[in-house]
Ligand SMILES: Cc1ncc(COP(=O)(O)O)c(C=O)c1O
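For reference, the chain that follows is the form predicted alone, supplied as structure tokens.
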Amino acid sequence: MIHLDQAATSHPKPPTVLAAIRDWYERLGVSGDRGDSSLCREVRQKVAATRARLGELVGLPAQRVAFTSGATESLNLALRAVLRGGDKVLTTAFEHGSAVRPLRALQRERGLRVEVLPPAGGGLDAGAAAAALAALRPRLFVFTHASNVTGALFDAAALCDLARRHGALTLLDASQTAGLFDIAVGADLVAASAHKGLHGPPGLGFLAAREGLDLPPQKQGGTGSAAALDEHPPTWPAAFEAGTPDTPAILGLGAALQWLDAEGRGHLCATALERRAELIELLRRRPGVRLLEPPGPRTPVLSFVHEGLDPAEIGAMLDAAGVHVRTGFHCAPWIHRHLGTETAGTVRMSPGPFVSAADVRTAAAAVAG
């Protein structure tokens, strides 16, 4: 099966990732903070190394990086920790449901005022963002680094700077860019998943917060701390890591980060972008296909619609040809109203570094004319 759904989950995983996970199940089998045996010490070292590398990626100290079950949990925890009753929030029409749905829930629960920046020419306009920040004076600006529907890549550093000038905190959803682009952009909080561009296993993500930003724990439970406490520790990262960690996934992510460093993030991203460009050229020749191409910088994500076929029908054709893609709304409810695709969504192709030019030709040929 040709995998063109990297924006959902990277596949295949590097062999070293599988080996690291297998090593935990077959040899290690312990949590680093649940004991002091030689195995626990080895696991602690591996977990610490993974945490430190993530800290480097986001430009924050390792102790300010907490492991979570994924970007969804990270965003939920961050929003609930930061926002208080009556707060104002600025966000964008490009957001994933992992931000949209908790924002709507908190809007009902806490009386938030939520304003949504519409797209401007397929992207985010800095002038419109500055005007909205100045008028609203929000406590928090929540935005994705890139659209998971169109692939539009936003100037996150500039947006963080704008928010800072207007006294707003920033929460960056880097799920679509971690492992592909620089995510050390000056955000106060960064959330991302492990299983996309980072090439780690699913069911794991992280939340990073700058120093000095005090956030109350949102879950309480065991942390393996030495002290016999009956209250959850407020210090990072334990404050946001209640419960037994998914240690094999963390070790798999550690191996993935080493693999990314060895292969070169820039090289891997450039390869995927090259495959995307090839898809564009081939799909432009297919009758009835309308590509949804944003201007400016972009990720290796390409969405399209067909004038005569539903996205689900295209997906079935591709599946029959041995090509896995994503069809529908891609968990991004707001952006489709602006794209005119709110009825059935789009067909999304998102190649990774293991996709070949021949794979791309096979996929394009399977799209009916």
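Numbering starts at 1 and runs along the sequence shown. Small disclaimer: the values here were computed from a predicted structure and weren't measured.
Below, we turn to the form predicted together with this ligand, even though it does not appear here.
Not displayed here, this ligand is kept clear of Thr271 by more than 4.5 Å at the level of heavy atoms in the predicted complex. This ligand in the predicted complex comes within 4.5 Å of no heavy atom belonging to Arg275. Not displayed here, this ligand is kept clear of Gln258 by more than 4.5 Å at the level of heavy atoms in the predicted complex.
By the criterion of a heavy atom within 4.5 Å, Gly70 is counted among the residues contacting this ligand in the predicted complex.
With the partner removed from view, the residue among Ser193, Thr170, Thr92, Thr150 that has a non-hydrogen atom within 4.5 Å of this ligand in the predicted complex turns out to be Ser193. With this ligand omitted here, the record of contacts in the predicted complex names 173 to 181 of 288 to 296, 173 to 181, 119 to 127, 153 to 161, defined by a heavy atom within 4.5 Å. Although this ligand is not shown here, in the predicted complex the stretch 78 to 111 places heavy atoms of His96, Ser98 within 4.5 Å of it, in sequence order.
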